[in-house]
Every structure is written in structure tokens, then in C-alpha cells.
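Before any questions on binding or motion, here is one chain by itself as C-alpha cells, the form predicted on its own.
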Amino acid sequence: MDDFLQNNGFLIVTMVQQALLAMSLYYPLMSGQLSLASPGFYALGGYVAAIIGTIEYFAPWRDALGWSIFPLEWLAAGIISGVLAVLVGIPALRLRGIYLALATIAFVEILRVICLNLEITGGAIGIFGVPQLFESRWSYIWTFGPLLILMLFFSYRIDRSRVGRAFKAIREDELAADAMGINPTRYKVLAFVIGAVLAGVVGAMSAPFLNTWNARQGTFDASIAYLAYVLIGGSRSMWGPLLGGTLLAALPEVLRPLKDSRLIINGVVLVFASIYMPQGIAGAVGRIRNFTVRKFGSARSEK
């Protein structure tokens, strides 16, 4: 068992990490926003942790606080990401649909170009030698795992709260929600900020996990990958990002024995899932469950 965890620990932690990043897109989608800004906040959070962990200015803090500097990095990344999300979200969320998607893609690219040209971020080379919290890659499950459980509980609670109902009302019909007294701007910004804070914290956790950080962490390709996680998993259920993120993160490794053919099969799986499971894996499971309940429930009632 120990050998299995040591050999596959990096992949297992990566699957949990990608599920969390998928959830950072789930919250804006929950309120009807096609936002692709999560990779930008993810990269920002990673840079915050990498800078605090490597720059000489913070050396006295690192020496004094020891391992407890890492939770402070996560907190700093979450706060900075949240503040930036408010500044970006208030004007950007006036847009809808594809226009919002383009605006958030532009935000990700602006952040990437800025990081490529700043000395503090290491430019195009990035930052190497980020201090690690654990010696073993598998041990990082003790940071990403509890965060995933916390976010699932948070999603469960928010889904059944007044805020969650407001998110869904805005997603279904923003004009009708506004007419019912729901402030769309307020709730859309709130959903955007929740996703940004989560992405920033995951980025701050990921920098020590990867031991290096650079501008390639926040790109347009990453935006499309995270969106695929949510759409394939299911954007109408909190389990969708979990299923999509873990399965699609593991798929390339599972298909690795096929060498170059694995990329073709990976694409075929995505196309097949998009056509035959329009509501994602979680939606398909829900339909099967409802069909089973109706079929066997009616059979029992006839008896």
C-alpha cells in the first residue's frame, strides 16, 4: 500500500487539486456566469506563496513562524484574490454570456503577461525552490483533501440557503430574479469572489506542492480545461466538478500506455460525453436514479 501511494501519490493529489479548481468555476456558473478567470487567480495565489517562500525580505518571518507560514500564505492568497475579484468583477459582470467569457480570458492573459515581465515573479523563467510543506508528494493530500471536504460541505450548505436559491434564480432568468427583489449584481459578484478565493488558495497550496511556479500555470488552455471539468462532470450539481476534475485529470495517465494515441482517445471521450451526456456525468447518474425509482417504485405499487 505504501508503495502504491508513493508511486501514485502525485497523481492522486493532482486529481483532488483539479477537482478544487473545477469547483472554483462551479460557483460563477451556479449564478449563470460563464467566467474563465479561475486560472488567473490560481496563478496569482501561487505567486503569493512562492514570493513569500523565497524572497529574502520574508526570511525573518519564515524563520520565526516555521511551518505555520504556509497557512498565512493561503490566507494572504485568498484575501488578495478576493479583493482583486471584487475590483474586476463589478465592471466585468455587467457583461453576459460569451462577452463575459472573453473579458475573463483577457483578464487571465493580462495577468500572465504582467507576471512574465516582473522581476519579482521571475519573469519567463519563474520562481524555483519554493519551500515545501511535506517531503512526500503524497502527504499533500492532508492539505488538499480537507479543503475539498470543506468546499463540498460549503457547497451543500450554500445550495440550500437563500444565497444558493438566489444564484439559481439569476441563472434561470436574471430579469425575473431582479423583479422579485434579488440584486443580480450583488450575488453575481459574490459567486465570482467565492470562486476567485478558492482558486487563489489552491494556487498557494500548489506552489509548495510543485516546488516551482511560473506564468504557464495561468493560461487560456487551463481555462478551457477547467471548464471541461465542470461541463463533463455536470454544472448543475456540486458533485459534477468533483467527478469531472478527478476523472479528466486521471484519464491521460490511465491512457499513457497507449502513448500518442491517448490524446486521440482523450478527445473522443470528451466529444462523446458532450454529445450523449449534455448535463454531465452527475446529470446522467441522476437520470438513471430517477428512472430506477420510477420503474421499481411503480412495480411495488402495482403489487
Partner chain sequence: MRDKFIPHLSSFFVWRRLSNMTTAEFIQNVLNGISIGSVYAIFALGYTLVFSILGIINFAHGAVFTLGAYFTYTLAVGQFGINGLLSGLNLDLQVPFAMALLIGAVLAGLVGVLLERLAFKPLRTRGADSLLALVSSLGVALVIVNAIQYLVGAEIYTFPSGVYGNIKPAMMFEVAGHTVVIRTVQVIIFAVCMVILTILGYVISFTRLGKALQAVAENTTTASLLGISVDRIILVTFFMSGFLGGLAGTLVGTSFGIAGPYFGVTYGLKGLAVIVLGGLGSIPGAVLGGIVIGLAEAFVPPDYSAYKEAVAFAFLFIVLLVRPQGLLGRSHIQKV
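Quick caveat: nothing in here was measured; it's all calculated off a predicted structure. Numbering follows the first chain given and starts at 1.
We do not show the form predicted together with its partner chain, though everything after this point is about it.
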{"query": "Contact of residue 106 with its partner chain in the predicted complex (heavy atom, 4.5 Å)", "finding": "yes"}
{"query": "Contact flag, residue 261 vs its partner chain in the predicted complex, heavy atom cut 4.5 Å", "finding": "yes"}
{"query": "Contact of residue 91 with its partner chain in the predicted complex (heavy atom, 4.5 Å)", "finding": "yes"}
{"query": "Contact flag, residue 64 vs its partner chain in the predicted complex, heavy atom cut 4.5 Å", "finding": "no"}
{"query": "Among 204 to 212, 72 to 80, 98 to 106, 129 to 137, the region lying within 4.5 Å of its partner chain in the predicted complex by heavy atom distance", "finding": "98 to 106"}
{"query": "Heavy atom within 4.5 Å of its partner chain in the predicted complex - the one residue of 228, 141, 189, 148 that qualifies", "finding": "228"}
{"query": "Three-residue site 34, 110 and 267 fully in contact with its partner chain in the predicted complex at 4.5 Å by heavy atom", "finding": "yes"}
{"query": "Residues in 143 to 180 close to its partner chain in the predicted complex, defined by a heavy atom within 4.5 Å, in order", "finding": "175"}
